[in-house]
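First comes one chain, alone, set out as structure tokens in the form predicted alone.
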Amino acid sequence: MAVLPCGVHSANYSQDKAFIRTPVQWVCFIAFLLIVFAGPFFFPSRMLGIIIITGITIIAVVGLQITVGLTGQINLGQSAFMGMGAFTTATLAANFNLPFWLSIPAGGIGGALLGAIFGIPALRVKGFYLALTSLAAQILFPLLITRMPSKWFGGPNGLGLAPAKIGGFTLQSDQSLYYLIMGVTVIMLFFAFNLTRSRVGRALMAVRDNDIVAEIMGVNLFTYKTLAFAIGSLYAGIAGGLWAYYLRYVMAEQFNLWSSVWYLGMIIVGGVGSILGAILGTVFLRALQELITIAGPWFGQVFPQAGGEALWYSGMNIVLGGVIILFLIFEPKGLAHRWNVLKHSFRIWPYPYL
């Protein structure tokens, strides 16, 4: 149970389910939004690129959190579902001249359909075997994409698309794409946070906790397990569509198994079952990855006998994997749990025994 600030209590159900309850919280939230949307005026170009990629990744990881964290269905194919959304968006934009505000949602639907297909076996298998089923999606995806007719998805060479446009304004620079991607990220997070408190969200969590009891209580396991994969893959497809417009070129190699594994790692670091955890885990590992990238040349110059920059870059996965292992050992509930502990400790200070 969350510890509320002193003097704050709920007089009705609407107040009880609200995320933001105090004037201070509203000020902090509005200030955060202002900082986010004023970013292009202050952040350098490289920083904007990092934030854009992080925003896209957050959408994909939040979708995976819905499937894995809220419903307990292991998914090792999130990158493939993201790729399906990217290729669907790219082919609709390049071959049918659909505007981005139609092609990106269509990409989300494409990812959701593929996710729902591979989510159907979840009714009969679970755990390790379900992981193998979703892994099959990741393995089959590049094979299917590259062997489709080239006019559909570009074949092995991939597919390019024109920049997004709003009227006569072209979203081509990092500054303009920043607003598009951050806006979509905020919208998707809004729906994700509210999903956890909806009837569907409660049914998904009931399936996660005990699917047999959930079925006895009237939860249709086939419907909700498939829906969990569909919703999670919808988020991945939206992320893939944004990725396609950001790079303006998509290839099957961009959506590999390693990406799916790192998405799971971000959930572990952030906290399984928490939408906030998915955000914190993504930001933390992405920031750590950029830090290693920046520090690599410096280590290569200071310790040339260790193998140069190539060794330090190859060691990035070792460092990130080690961080995930450390979280599993010392903080298995993730950064979201640690944030809640710090927040509650601050609210009850100086009475830590409460």
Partner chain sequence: MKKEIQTANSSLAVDKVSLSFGKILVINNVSFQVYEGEILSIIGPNGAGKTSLLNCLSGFYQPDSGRITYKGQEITKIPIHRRASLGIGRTFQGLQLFPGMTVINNIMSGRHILMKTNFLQAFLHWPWVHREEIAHREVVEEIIDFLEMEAIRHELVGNLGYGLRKRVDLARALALEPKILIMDEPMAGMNMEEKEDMARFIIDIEEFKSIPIILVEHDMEVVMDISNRIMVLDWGNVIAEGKPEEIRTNPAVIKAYLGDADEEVNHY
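Positions refer to the first chain, counted from 1. It should be emphasised that the depicted structure is a prediction, and the values quoted were computed from it without experimental measurement.
Note that the form predicted in complex with the partner chain isn't included here; everything after this is about it.
Margin query: Using a 4.5 Å heavy atom cut-off, which residue among 109, 116, 251, 205 comes into contact with the partner chain in the predicted bound form?
Written below: It is 205 that has a heavy atom within 4.5 Å of the partner.
Check: Which one of 267, 231, 177, 159 is close to the partner chain in the predicted bound form, taking close to mean a heavy atom within 4.5 Å?
Finding: Contact with the partner chain in the predicted bound form is made by 231 alone.
Check: Using heavy atoms and a 4.5 Å limit, would one call residue 279 a contact residue for the partner chain in the predicted bound form?
Finding: Answer no; every heavy atom of residue 279 is more than 4.5 Å from the partner chain in the predicted bound form.
Notebook entry, point to check: Should residue 227 be classed as touching the partner chain in the predicted bound form when contacts are defined as heavy atoms within 4.5 Å?
Noted result: Contact check for residue 227: yes, within 4.5 Å of the partner chain in the predicted bound form.
Check: Would residue 186 count as a contact of the partner chain in the predicted bound form, using a 4.5 angstroms cut-off between non-hydrogen atoms?
Finding: Residue 186: no contact with the partner chain in the predicted bound form.
Notebook entry, point to check: Using 4.5 Å between non-hydrogen atoms, is residue 197 touching the partner chain in the predicted bound form?
Noted result: Yes, contact at 4.5 Å.
Check: Counting only non-hydrogen atoms, which stretch in 280-288, 86-94, 252-260, 233-241 is within 4.5 Å of the partner chain in the predicted bound form?
Finding: The contacting stretch here is 233-241.
Checklist line | Residues from 208-237 in contact with the partner chain (non-hydrogen atom within 4.5 Å) in the predicted bound form | finding: 208, 209, 210, 212, 213, 214, 215, 216, 217, 218, 219, 220, 224, 227, 231, 234, 235, in sequence order.
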